[in-house]
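One chain comes next, on its own, written out as structure tokens in the form predicted alone.
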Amino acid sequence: MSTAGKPTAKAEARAQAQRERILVAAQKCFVVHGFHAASMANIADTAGMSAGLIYRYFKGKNDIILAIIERQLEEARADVAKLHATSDLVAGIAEVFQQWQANDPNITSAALFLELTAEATRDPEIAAATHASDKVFRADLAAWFERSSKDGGLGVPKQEVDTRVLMLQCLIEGLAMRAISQPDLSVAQVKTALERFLPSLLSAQV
């Protein structure tokens, strides 16, 4: 039996499912309409619920955007946590590129990434959340680069780590742009480019 006034596990699970439903709908709306043109009514229609119900979980659009940034960070950190010295990063990045091209709603699309980046230049709260998220993600990547191979890392010398992390982030974010501006770019071409570039980037050798 739950403590009086405290939500039950079932109620918390339902609330989390509702929040997730709203976030998925919001992502779709933001990609189609942009952050400013997408209304709470658009999000409600896409989620199949009333706008009033959305306000039970989020104060407004900014709260939804901040929750999307937080969810993206959780997903990215989970991906980094799975990495080890023998991870096939070529296949992993190529798969993400293919999902970007297909505009897969289950991941952060390239278009949504660009929307978030643009909005961060206009809204200080979103900018702060984006910068904080990026800092945490960079730290996770740096830890993987620096850890020894026996501990599942790459064993990259400490003085090289920040540069390598920057290069990897630029590569991945650049491919997000390519998915939009070069729609005929094949996954095979991306794999070929990655196979030429990634080994030196991930090598422990300086």
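Please read all numbers here as calculations on a predicted model, not as lab measurements. The first residue of the sequence shown is number 1, and the count goes up from there.
The form predicted together with a further copy of the same chain exists for this protein as well; it is not shown, and the discussion that follows is about that form.
Asks: Tell me, please, which stretch of 162-170, 42-50, 147-155, 57-65 lies within 4.5 angstroms of a further copy of the same chain in the model of the complex when heavy atoms are compared?
Replies: Of the options, only 162-170 has residues within 4.5 Å of the partner.
Asks: In the model of the complex, is there a heavy atom of a further copy of the same chain that lies within 4.5 Å of any heavy atom of residue 98, even though the partner is absent here?
Replies: The answer is no: residue 98 has no heavy atom within 4.5 Å of a further copy of the same chain.
Asks: Under a 4.5 Å heavy atom criterion, is residue 72 part of the interface with a further copy of the same chain in the model of the complex?
Replies: No.
Asks: Spell out, yes or no, whether the shortest heavy atom distance between residue 200 and a further copy of the same chain in the model of the complex is within 4.5 Å.
Replies: Yes, residue 200 sits close enough to a further copy of the same chain in the model of the complex that at least one of its heavy atoms falls within 4.5 Å.
Asks: Taking heavy atoms only, is residue 120 within 4.5 angstroms of a further copy of the same chain in the model of the complex?
Replies: Yes.
Asks: Checking a candidate spot here: are 131, 134 and 178 all in contact with a further copy of the same chain in the model of the complex (at least one heavy atom each within 4.5 Å)?
Replies: All three within 4.5 Å in the model of the complex.
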